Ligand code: 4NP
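The chain below stands alone, shown as structure tokens; this is the form predicted on its own.
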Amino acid sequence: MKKTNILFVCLGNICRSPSAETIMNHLIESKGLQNKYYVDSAGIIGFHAGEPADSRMRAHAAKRGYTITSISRQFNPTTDFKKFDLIIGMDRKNVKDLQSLTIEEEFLHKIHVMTEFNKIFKEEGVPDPYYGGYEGFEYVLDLLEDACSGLLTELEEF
């Protein structure tokens, strides 16, 4: 059985996308679906490549029982568009950046915005908490829990 490959993308791959990766993997594991999905994350820019997720995001996630272990990497248009079935940007800017990096038009259908899958929150995108305070990190986790749950539900309905 071929796995569905999902890639979450934000600007630097240190706050939002590694959190989405962790939350999605948690949901997948809790439902025993590891054999159906592969999840990863990346950043539009490579400034933080090789670094762990932001320590504040890891701390907030840990309070909810998540352990963010992913290491930042830059999105690679040459390989990522071919490897991943879904490429999910955290906000509209990430989506536009991904669309501009698309090497073949046939890959455009793979690109989505994270909040497209929200069931509770009605946001246009997941805001970057990097320059904000406590509330920003918590709100991002709320949005991502909602969107990841909605995404998995949608995938399992097909």
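Residue positions are given as counts along the sequence shown, with the first one as 1. Given the structure is predicted, the values throughout are model-derived calculations rather than measurements.
Separately, the form predicted in complex with the ligand exists; it is not shown, and the next lines address it.
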property	result
4.5 Å heavy atom contact, Cys10 to the ligand in the predicted complex	yes
Tyr130, heavy atom within 4.5 angstroms of the ligand in the predicted complex	yes
Touches the ligand in the predicted complex: Ile14 (any heavy atom, 4.5 Å)	yes
Partner contact for His60 in the predicted complex: the ligand, 4.5 angstroms, heavy atom	no
